[in-house]
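Read the single chain below, which is given as structure tokens and is the form predicted on its own.
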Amino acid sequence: MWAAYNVNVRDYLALAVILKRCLSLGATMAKSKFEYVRDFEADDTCLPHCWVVVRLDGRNFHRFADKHNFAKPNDSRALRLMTKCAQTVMEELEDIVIAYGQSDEYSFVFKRRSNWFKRRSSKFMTHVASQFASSYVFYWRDYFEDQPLLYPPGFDGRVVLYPTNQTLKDYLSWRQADCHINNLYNTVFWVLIQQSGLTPVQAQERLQGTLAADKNEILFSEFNINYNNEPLMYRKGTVLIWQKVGEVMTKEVKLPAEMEGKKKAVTRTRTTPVPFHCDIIGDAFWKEHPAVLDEDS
């Protein structure tokens, strides 16, 4: 009996030694000789305590707009689709505190303290771009029911860091000023083509060297168009910030004394990205929404 017991113990100890060697060999084998290639990866960690901004731009979007018969100078369907995609990105990446979009571009601002994916620039850019582009294709039919998607759009991205609240506000102001300049030019350009019958070259020559006041005068005196009455979405772009909204849903409520439940409309509150078409260059927006730049929000 004791001899048998000693044999079993010896076998157990021998098995333990073999198992330990196998595990050690497996760990060694996992690190192959090819792993040195990881040393070529660049360190793209974003500086700490900076606002991380990812800006997407449509790639060759003039051609895309022509192929899909976008209305000129603005197509509300395309702008609303862009905003829907931006909302999807924000809901997926909750570290985004504000987004701003106009035409075929959108800027996404991540929290200063965000440690998302260890603040790797490539992760910020690729995740935002892929989520946005896939959402554009996914939601296309919701906004262009009668227009098939002939080919998927492309978006390029860049990551820029802004160290202070003021530099971030100046960046967003720059994008909104760009929206105004481009939209005013495009509004006059296309009205000259559509209502005056000019060719694109002739319209471009007519506007060459004109200032904003000149363009406004052309619109008003020749076409009775007051530019200030144009939709805010076209003139100001779209701002997305997190807001609490009430959501009405139908829920079945069953009382103890009743055999069957009754359907009842209930309201629940959830936080979601809400679009605004407003001025963000002045101080009014930031005073009204101080939580956007609050690091502890």
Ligand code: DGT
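Position 1 is the first residue in the sequence shown; the rest follow in order. Predicted, not measured: the structure shown is a model, and the values here were computed from it.
The same protein has a further form, the form predicted in complex with 2'-deoxyguanosine-5'-triphosphate (DGT), not shown here; the description that follows concerns it.
Among 31-39, 66-74, 267-275, 237-245, mark the stretch whose residues have heavy atoms within 4.5 Å of 2'-deoxyguanosine-5'-triphosphate (DGT) in the predicted complex.
-> Checking each option against the 4.5 Å cut-off leaves 66-74.
Does residue 103 reach 2'-deoxyguanosine-5'-triphosphate (DGT) in the predicted complex if we count a contact as any heavy atom within 4.5 Å?
-> The answer is yes: residue 103 has a heavy atom within 4.5 Å of 2'-deoxyguanosine-5'-triphosphate (DGT).
Could you tell me if residue 57 has a non-hydrogen atom within 4.5 Å of 2'-deoxyguanosine-5'-triphosphate (DGT) in the predicted complex?
-> Contact with 2'-deoxyguanosine-5'-triphosphate (DGT), yes.
Distance check, residue 49 to 2'-deoxyguanosine-5'-triphosphate (DGT) in the predicted complex, heavy atom within 4.5 Å = Residue 49: no, not in contact with 2'-deoxyguanosine-5'-triphosphate (DGT) in the predicted complex.
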